[in-house]
Structures are given as C-alpha cells and as structure tokens.
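First, one chain by itself in structure tokens, the form predicted on its own.
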Amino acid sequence: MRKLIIHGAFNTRTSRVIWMALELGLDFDHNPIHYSNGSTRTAEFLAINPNASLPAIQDGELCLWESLAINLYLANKHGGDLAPRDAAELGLAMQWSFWVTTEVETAALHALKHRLLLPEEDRDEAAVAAAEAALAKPLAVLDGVLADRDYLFGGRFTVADLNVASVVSWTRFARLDLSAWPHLNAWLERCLGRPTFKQARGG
C-alpha cells in the first residue's frame, strides 16, 4: 500500500491533519502546496479534491478532504488513545467536531483575518469585536463542559480535543481575551502544549 500523503501547506487547515498524523506516529509524505500559487487548481490536484481546497489526503486508493473528517478517519483507522473506544465516544467525537465547525470556526477565522492575516489597511477592529460577541456563547458552552474535566470525554486527549483545539486556537492567534473562560483556557494550554502541535505548524 502506498504511504499516506498529506496535501497542504503548514499555514492552512492542513496543520490539523499533520498534528493528528504526528500524534498517531504515522509515516507520511507531506506535499506543502498552497492556494496562493495556483497549486490547488491543477488537474492533478482537482482529481484528488475537486473543491480545490486544503487539506486533502491520499491513503492508498482513498482520497479524502475536509480536515476534521480526515482526522476522525485517521483516528478510527489507527486506534490508540486518540480514537473513540465505542459508539458513544464516536458520537461525542463527531458531535464536537461538527459543533466547532458550525459554532466557532467562522467567527474565529473572521477575528484572525482582521487581527493577523489581512493587510493592515484592510483590518477592522469593529469586525473583531463582532466576532468576539458571536463567540461568547459557544466559548461559554465549552468552558462549562470543561469545568469538571481535563478533556472533552474519556479522561484523555482524543481526536475530539485535537479537532476542537485546532479551531479554538485561532482565537489565541487573534489575541482575543479568553480570561472569562478559565476552564477553556486551561484545556487549551494542555492541548496546545503538546510537542506535536508546534511540529504541526512547521516547528
């Protein structure tokens, strides 16, 4: 069987998948393509992901896209402590992965763009304030769940923690004030303090 190939530059959502692969100790090839030079719109890449988005993986004959789905797949395939141990844990891992996409990612990305990614002349602090307001409810939900536990479920770091932390981390890079959610803050420190997180972002 061919080696796992992960397509996408470090400074894209691909870092989530690289983080998972490193946590699992997988042997993989990394193809660090980026949107900026048209690499995702070649016929070769569109055959892997017709959306022209990153990341995508090739695992043998399987082509898979959507970063959080890729991580759920890799965890389920390779097992270990990161993987769900039963149907209930699988349901929780899916719940949290879908939740962070629908409730957190859009506003967190908006804040990140206006604090870091856009040229300075295009940044708008009012947009950051609106994103912070939109994030208040979901971050409070996450903080409440973490009030009596170190991780989302199972008493251990799992694919759910990795997926959710990879999105919530954008709030930190956007320099948002998370002090109102101490349990979330402590959990995020635990997740982002893992050596593989720094490796997954290119060191």
Ligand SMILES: N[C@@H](CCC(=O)N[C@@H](CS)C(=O)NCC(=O)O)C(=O)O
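Note that residue numbering begins at 1 and tracks the sequence as displayed. Note that this is a predicted model, so its numbers are computed, not measured.
Although it is not shown, the form predicted together with the ligand is what the next lines describe.
- Judged by heavy atoms within 4.5 Å of the ligand in the predicted complex, the contact stretch among the candidates 50 to 58, 172 to 180, 150 to 158, 23 to 31 is 50 to 58.
- In the predicted complex, the ligand lies within 4.5 Å of some heavy atom of residue 67.
- Although the partner is absent here, residue 137 sits far enough away that none of its heavy atoms falls within 4.5 Å of the ligand in the predicted complex.
- Of the residues in 12 to 34, those that come within 4.5 Å of the ligand in the predicted complex through at least one heavy atom are, in sequence order, 12, 13, 16.
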